[in-house]
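Coming up are structure 1 and structure 2: the same protein chain in two forms, each one given alone as structure tokens.
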Structure 1
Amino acid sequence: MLAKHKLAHEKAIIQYLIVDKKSIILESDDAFFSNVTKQSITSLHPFFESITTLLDLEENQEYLFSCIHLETDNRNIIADITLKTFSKEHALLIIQDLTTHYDNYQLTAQKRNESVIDSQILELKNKYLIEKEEFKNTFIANFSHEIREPLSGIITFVDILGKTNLDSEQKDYLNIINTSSNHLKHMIEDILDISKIEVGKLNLIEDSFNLSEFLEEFVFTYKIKAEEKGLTFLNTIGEKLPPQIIGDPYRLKQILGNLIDNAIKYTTKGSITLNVSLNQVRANKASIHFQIIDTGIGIEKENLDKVFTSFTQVDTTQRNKGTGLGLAIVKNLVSLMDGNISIDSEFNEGTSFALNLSFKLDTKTKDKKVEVATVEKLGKDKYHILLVENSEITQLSVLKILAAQGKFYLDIVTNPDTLIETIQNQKPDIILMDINLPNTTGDQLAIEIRQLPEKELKKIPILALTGKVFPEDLKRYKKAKINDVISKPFDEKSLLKTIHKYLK
């Protein structure tokens, strides 16, 4: 009984064959390749065709071929095949069916290989994304630099042209150029900012500044802007606000400026309100509440969650053009400052933004006021400015601005090779240094100036005049002991303000 069942279920796993030098099977136990005696071994499978040369060997040898797939019309097996050759006998072939064993191994190998291939592909995708990101950032940086250069010229000469005798039609045209170039300038700045934010390269500075002075100047600027559009500008500045705080005044101005610019843009009648008050002071930090309210077109409830998304403009009527980046930048800057911002709006009634920002208290500086020298208060009759610049537009812009002041001599160096000699001969009061120069960079030249043997020359204030203002650029300028940076495109006010800071 048992023998009968065994016979039914037993599966042969080894076949033995004797093969002569001409590849003819002399004997076979027909374990799984049956009725093969007197046939050529090559007819069983191409594997055997490729080992026929070994059958000729008249020596005692053993060859093991493991994991051979023998697919035939009758069966598919995975086998280890041993070939034994003898000096005085015919060769012996032993075929051991290990299909079950190798099938299990196949599953493991499949999983392992797929996982390795997937991780290699993922690594490549990451590498590709990083390269793409780097390309985008380099592209934006270079592109914006290339735009800043001519834009700087446009803005400066619009300023200069505005001071000449123009008829009303010409003034109208000039206003359009002015508005358009300023709009373009803001767009470039927004694109640069959002790209810096996306790669985590936007760093906040920590500077001590007088909050009431800051707000006073801010309110003054935006009151004029609002009134120019026929809107009332209201403000309530809390009395308990700390006088001197530590934070990033440039970015605070950007946050509030973007919100109020938006409020003015979307309001045609009524008012814009700015409220600033102290929430609390805790652990030497002041939490300050800012609120900007307008009586503008408002936002529908379903669109409220979209307003902080990049390149989103809820108003798609094209009446109010923009990049759609302003509020995304605001939201990111507020997050960088560990603050929070919220929005509330009624369609056709108005919008209100509320934000809370914390600043360290500066208890050491009492009512710090940065005294910027005005031309009238300066000690010398005329100052000598040396401009290192090869862009003719920038050369002309600086020349026009400084010439209008009547307080400056301007010398221009276009060939960096002659710079050191010019400095030694002319001993300028300030050096305005472009960064992108032929065969060298402004920061490299600054390093050379700082190494001059003459004490009075190596301390001359150097102001970089450049569109390259990424954090890594600023670090490089600082390392080269460049005193300050005037960002292109610059206007008359920003150029003079920075120059005056360094005049004695």
Structure 2
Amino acid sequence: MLAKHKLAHEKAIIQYLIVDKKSIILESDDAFFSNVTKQSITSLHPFFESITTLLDLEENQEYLFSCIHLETDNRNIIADITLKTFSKEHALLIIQDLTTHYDNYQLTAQKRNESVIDSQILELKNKYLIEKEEFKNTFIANFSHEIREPLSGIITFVDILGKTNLDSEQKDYLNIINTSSNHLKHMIEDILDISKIEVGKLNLIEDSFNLSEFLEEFVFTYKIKAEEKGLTFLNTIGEKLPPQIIGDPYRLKQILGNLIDNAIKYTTKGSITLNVSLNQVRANKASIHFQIIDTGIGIEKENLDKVFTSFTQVDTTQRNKGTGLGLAIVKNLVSLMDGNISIDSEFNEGTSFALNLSFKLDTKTKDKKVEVATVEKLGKDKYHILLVENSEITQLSVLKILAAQGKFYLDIVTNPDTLIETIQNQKPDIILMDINLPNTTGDQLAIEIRQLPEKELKKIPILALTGKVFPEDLKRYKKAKINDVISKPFDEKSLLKTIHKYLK
């Protein structure tokens, strides 16, 4: 019984044929080609035409032909064919079916080739994505820098114009311009920040700051913003909060500011609440809990996961148009600070954000205010400021701000080639240095100044005026021994505050 089943399923893989030197088949076991005795081997397949000349050669010769495609009686096969001449008159022809072997080999080779091709495609895609990302980030950085230039002029002259005699209608128009320019400024900063986050170049700058003073100023600012919209601003500041902590106050302000700006934006009546309390102190670190609550439009449960996604807005009505980056930046900043954030909301009832952030305790700095020098408290009648800048808008903006103080006189250098000579002749108190200059950069000029032989000149404070504030840019400025950076667009307050720090 077994032999019967074995015979039914067994396939012959070799056929043996004896042929004479005239290529006539004398014997065959009929494995693939049946009833072929007394036929010429050339009748089996055209391939055999190529071996007939080998039949009339010396005896005991052997020839191998690999991977020959043959059409047999029952199927197509891929075979190795061996020809052995065992006498001067006769030869043995062996046809071995290796179809499975060659199919598997071809499949393996194909997969290997596909794998190589896929790897090459992936490599090209990665290269393309890297180049695309580099182009995007370079474009954003350059575009951001270029747009900050005129924006500085708008902000400066709106501020100056606001101090002139205006009627109520003109003041309303000016407030609209001011609001729009500040909105544009925040959008530029958001786009630049999200670009830094995507490439992992957004770094935290740790500094010691007084938490009570920080919250007091923050509450004062946002209380006014809320009241302007007819909202009540409530706050509870815990009594056990540490007085002096180490962290990034700018990024903390950005996190809380984005959350409260969002709350004010989506709340038409009711209140905005800020609660700050101490979770715990452990290993010289304080975990602080922040909660922002509003009585605004709220968010549907199915949309809660979308609020932290870049360029996504849950409410897309025209009155609430924006970049959709604020909460995405918040989420990334909280993560960068090793904190956590959660959201709870009821549609048409309000939203609550809760976050926990850890800060190092500053035990060395006592609870005291750092006093910044002002021109009124210093002995000199006037201070000499040297501005290295080729933008007429920035030149005029700085001139108007400083002239209004009555304590400064300003010289302007537009040709970098004359800078060193001007410094040696005029000996300014402070140098305001634009970074993008014709044929050179501000940090390169700063290096030249620091190499001057005169001690009093090489130590003049240099303040960079720039919109390029990526971490690698700041490192370059620091390496050039630039004392500080005034980020464009700047206003009167930020410009004077930084200048006052370096007055002697």
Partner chain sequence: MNISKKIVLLGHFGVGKSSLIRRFVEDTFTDNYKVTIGVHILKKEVVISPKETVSLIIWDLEGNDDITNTRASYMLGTSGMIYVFDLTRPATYEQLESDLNFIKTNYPNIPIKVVGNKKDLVTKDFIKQNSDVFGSFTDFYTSAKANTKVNDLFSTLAKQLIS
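We call the rigid core whatever largest set of C-alpha positions still superposes within 1.5 Å between the two forms. This one's a predicted model, so the numbers in the text were calculated from it and none came from an experiment. All residue numbers here follow the sequence of structure 1, with the first residue given the number 1.
Colleague: Of structures 1 and 2, which one represents the form predicted alone?
Modeller: Between the two, the form predicted alone is shown as structure 2, not structure 1.
Colleague: Test your reading of the motion between structures 1 and 2: two rigid parts, one hinge. Which of 22, 126, 450, 108 is at it?
Modeller: Looking at the options, the one at the hinge is 108.
Colleague: Can you give me the rotation of the smaller rigid part relative to the larger one between structures 1 and 2, rounded to whole degrees?
Modeller: The angle the smaller part turns through between structures 1 and 2 is 30 degrees.
Colleague: Taking the rigid core as the frame of reference, how far in Å is the Cα of residue 101 displaced between structures 1 and 2?
Modeller: Value for residue 101 between structures 1 and 2: 6.7 Å of C-alpha shift.
Colleague: For residue 37, give the CA shift between structures 1 and 2 in Å, the superposition being done on the rigid core.
Modeller: Spelling it out: core superposed, C-alpha of residue 37 shifted, distance 18.0 Å.
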